[in-house]
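Okay, here we've got a single chain as structure tokens, the form predicted on its own, with questions on binding and movement later.
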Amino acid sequence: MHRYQSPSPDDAAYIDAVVDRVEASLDESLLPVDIFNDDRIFAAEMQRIFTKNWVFMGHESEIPNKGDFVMRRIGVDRVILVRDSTGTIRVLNNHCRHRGTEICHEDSGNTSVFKCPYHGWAYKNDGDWAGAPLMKDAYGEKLDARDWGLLRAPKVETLFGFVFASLSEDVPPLREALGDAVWAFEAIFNLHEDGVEVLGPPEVFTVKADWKNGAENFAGDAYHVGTTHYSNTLDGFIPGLNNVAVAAHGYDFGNGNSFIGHSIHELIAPPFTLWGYPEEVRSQFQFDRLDDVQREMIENRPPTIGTIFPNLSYLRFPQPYKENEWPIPFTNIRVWQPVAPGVMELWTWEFEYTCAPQEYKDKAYLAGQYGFGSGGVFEQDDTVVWEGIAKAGKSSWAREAGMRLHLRQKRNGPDPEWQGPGRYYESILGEYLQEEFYRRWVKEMRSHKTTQPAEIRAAGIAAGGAETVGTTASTETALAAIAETEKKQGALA
């Protein structure tokens, strides 16, 4: 399995050059293909994006009881999402502080203590060190529980039951970081005071495609449906897929967070307002929890597909749960989990409103799996075409030729009458949402330049060069200069 390393100075120059080329290409509505399968770019993404931002971990309903845990990933690191004995949700590094081996090999469970299988060091479910074999003979006294506890993600917050974590202390609060996308999240998941719940454990399977391909697709690509998925219309499963893009709209909530909306009642039939929820479910919705614009949006052009940067996506659409049955909406949450250059794990969960009848939840689960489970009729279509992009990203021919991808669909601009946050586009055509996703990628890939520790920046300055990892020289002098500069900046602010 791939393991990333800190980029060397030469690597940093290479990565900076690639990021500059991506930005310049986006200005021409183009995108270099080699970012989809590159060892050094992948390593930089793990450090600059996945350790510096909020990352989706799971849902509170997966760990309802004290001691419940599930295994997840942040970047390529396996982590433990656990509700500790006090009820606090934590995200713990899965490596023992004694020799570094993985302490937990179960996908889920309930425990008060995690015990390392190597030498037997034990940890409480809040991460504190709890003890070790032969304590008196081996160590003489107890070790400090916190100093030798498991590494903890410094930031863990929830939004409508969805748990996010960050390995950086410097991130803004979750709601602030997500910005206007919270408004859409609220419209989708806050229609009842009891919220939504997970309907089963996630499916996880490997796809030989880059994580960005899935995230980009769900950020704003309805154009592919009429071609990639048209077999579902030819066999009579879902009619009219060739017209899906025409009935699709775009919601841009900034920072690479966006949704596709569909006028489903025009695409399928008049009863399919509000995602097509049947009366038995919609009658329980508490519409006064939303504002007027949110209510109008979900009634007529509900967000059906979307991406929250970097790798969380959402899907709610009506679909039959078996052949010849009436379509019902299902809610699918997915993570495009990077594991190596050009390779990702695809994690998918099915959700439903807790207030819905159990019989409906069972059907909604099947509807989601039928289309977007690991063997789903739509999932197979998507993953096959994405794997071709990773091959192009590694192609010597494509790299030698400087192959860049086309983002030049006609754009009509946002609707000036839109009353909600962000920007609304009547047509999804234009590939503007995909471009915004990659502009956020550029921003994050450069963020290390503003977040380097002062000592590193000082070393670079002391060496007489740019603010990069440098040599020694008069670091103390440079540190003093930085402190003075930051003091002046603070005074100006």
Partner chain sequence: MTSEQVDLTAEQLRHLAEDFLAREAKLLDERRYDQWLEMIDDDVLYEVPIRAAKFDYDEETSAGAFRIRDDRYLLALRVKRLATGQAWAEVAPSRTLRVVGSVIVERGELPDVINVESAVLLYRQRGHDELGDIIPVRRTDRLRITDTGLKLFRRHAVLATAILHTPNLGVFL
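Computed from a prediction, not measured in an experiment: that's the story for all the values here. Numbering follows the first chain given and starts at 1.
What comes next is about the form predicted together with its partner chain, which is not displayed.
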Options 398 to 406, 129 to 137, 417 to 425, 198 to 206; stretch whose heavy atom lies within 4.5 Å of its partner chain in the model of the complex:
198 to 206
In the model of the complex, the residue from Q380, S263, T354, T158 that sits within 4.5 Å of its partner chain by heavy atoms:
Q380
Could you tell me which one of E279, D235, E169, D144 places a heavy atom within 4.5 Å of its partner chain in the model of the complex?
D235
Is S374 close enough to touch its partner chain in the model of the complex, meaning at least one heavy atom pair within 4.5 Å?
yes
Verify the contact flag for I80: yes if a non-hydrogen atom of it lies within 4.5 Å of a non-hydrogen atom of its partner chain in the model of the complex, no if not.
no
If we define contact as a non-hydrogen atom of the residue within 4.5 angstroms of the partner, is D180 a contact of its partner chain in the model of the complex?
no
Considering only heavy atoms, tell me if A269 and its partner chain come within 4.5 Å of each other in the model of the complex.
no
Who in 341 to 368 is close to its partner chain in the model of the complex, meaning a heavy atom within 4.5 Å?
E345, Y365, L366
